[in-house]
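Starting off, we have a lone chain in the form predicted on its own, written out as structure tokens.
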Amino acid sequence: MNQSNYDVIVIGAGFGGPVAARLCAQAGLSVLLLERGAEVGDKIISGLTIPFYGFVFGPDFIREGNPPIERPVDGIINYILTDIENGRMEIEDTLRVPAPFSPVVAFGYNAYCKPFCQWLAQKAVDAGARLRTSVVVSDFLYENGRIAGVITDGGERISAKIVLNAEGSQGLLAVKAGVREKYPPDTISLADVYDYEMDKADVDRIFGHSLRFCWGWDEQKIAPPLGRGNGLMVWPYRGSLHFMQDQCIRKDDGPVYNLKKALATYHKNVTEKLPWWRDEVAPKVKLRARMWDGFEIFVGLNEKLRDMPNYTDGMLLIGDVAGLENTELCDGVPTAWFSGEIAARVAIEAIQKKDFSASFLKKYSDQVRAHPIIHWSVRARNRYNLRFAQEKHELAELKRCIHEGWGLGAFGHTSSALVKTALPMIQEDPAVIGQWVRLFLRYYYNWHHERFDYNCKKPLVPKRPPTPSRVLALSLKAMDLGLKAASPFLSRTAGTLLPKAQNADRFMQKVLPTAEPIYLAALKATDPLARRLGEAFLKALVNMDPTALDGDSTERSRQ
């Protein structure tokens, strides 16, 4: 017989729900994680790029763990298509991790959603949460006006002290509870995703570790209208590709599009006319699936929606249902992780104090809105501003938007958020720097050897690693000792710099025009040597004893 009373009910086993469920279960609470799909991840079967800051600044069990990733990403190549008929284009590829650090140090990691969410859910179960699938929540239980549990579509009534709602971007339950409004069409983007199989050797050779974005004028019919869609993105995975285009369901000033027809036209034009796809990619791929996906890309830019509450008596909203999609990157995973952590901490405190009122739970909203990366994510406007380049039909304006959104100019808009998030963590525990270093090393090692939790392959490494690998392992131990010795200094320095972090964007905007050409020229001049060093570094890394790369021993004991 199913238990009918819990401390915490979490709705949705996507990216945010399991994070909250795991932390609450770790605190000793009884937690029920409900998923409407027959399997975790059934409703989010496509893939995406998860930016590095989600892993670096997110939950420690992810930072210290071995989640299933498909490929590290070292940068973005933007193709600005000026004349598709004659294959003319300009390239913006300044946003890349240079050798010898690439591809170990990554801007992000490509992953398929389903296995990653299954990994997260299993971590929640390992911590003591109970997972139930094929359960659709249709309504809420109320007690003196407070949400006090859920009602399933089968009529089951399950009570809880607090409900954490991570239902996803449609947010129908949040709307039904009167907490949010349904998102208007012009804030929602519908993505047309083609999933292609491709031999890993071909992916490695053609794409390496870079994403490819394509941009062009509307009349070329090669990508969705600028600023109302996502252009065209090509994501490389281990042995597959995603070709994705998306378009807002409604233009601000016009009628509803025939999206299916329009996106099919874009796909045909690109695959037949874009030289590198037509000549290099098309002969090597096989279509495996075509999928439709939706996300609330511009909710954060709608002031009314952004200011709506993400809490009510007895319930908190996590991730997409709270409108926390990143407007620049079309990615809600880091914000789901951050808000999931915050929700869990507030829920634990609410249970301890036996206060589930909206006035108490408002602290969740305050903390979410104050989070530097969440604050930036829902307000960034570079993608939205592409529409003005289209309206003016100015190539210079288009190139500026792309450079500031997906080129090196992005640091003029993201630096403050990153620095303001990093410094408090260093101030609290400078050893976190060592965890960040190991994260990048371990994630590449795991990708190379397909060494992940739950389906972990044993890497074929020598019984006695070669000398460079042993030197690298010793260097990590020396780093740990150095961080320990310098801990008081690093903590004080981080605290001193923190008040100045809000000026990081302005500083980067001021220095980038002068520093960027010097930096790019230096990279070009040192590239041959840097690549040789990078190859030696990779060889040493993949032949290491993996225990030197693993996270905290207490985390490993829980896996």
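Numbers for residues come from their place in the sequence shown, where the first is 1. Remember, predicted model here, so these are calculated numbers, not experimental data.
The same protein has a further form, the form predicted in complex with a small molecule, not shown here; the description that follows concerns it.
Undergrad: Identify, from the list Leu32, Ile62, Leu48, Ile69, the residue with a heavy atom within 4.5 Å of the small molecule in the model of the complex.
TA: Answer to the contact question: Leu48.
Undergrad: Identify, from the list Ala160, Met315, Ala166, Ala344, the residue with a heavy atom within 4.5 Å of the small molecule in the model of the complex.
TA: That would be Ala166.
Undergrad: Would Gly294 show up as a contact with the small molecule in the model of the complex if we use heavy atoms at 4.5 Å?
TA: Gly294: yes, in contact with the small molecule in the model of the complex.
Undergrad: Applying a 4.5 Å heavy atom distance criterion, does Val193 contact the small molecule in the model of the complex?
TA: Yes.
Undergrad: Would Leu498 count as touching the small molecule in the model of the complex under a 4.5 Å heavy atom rule?
TA: The answer is no: Leu498 has no heavy atom within 4.5 Å of the small molecule.
Undergrad: Is Leu173 close enough to touch the small molecule in the model of the complex, meaning at least one heavy atom pair within 4.5 Å?
TA: The answer is yes: Leu173 has a heavy atom within 4.5 Å of the small molecule.
Undergrad: Among 326-334, 89-97, 393-401, 347-355, mark the stretch whose residues have heavy atoms within 4.5 Å of the small molecule in the model of the complex.
TA: Single hit among the candidates: 326-334.
Undergrad: Relative to what's shown here, the Cα pair Gln118 and Gly47 differs by 3 Å or more in the model of the complex. Does it come closer or drift farther?
TA: Those two alpha carbons end up farther apart in the model of the complex.
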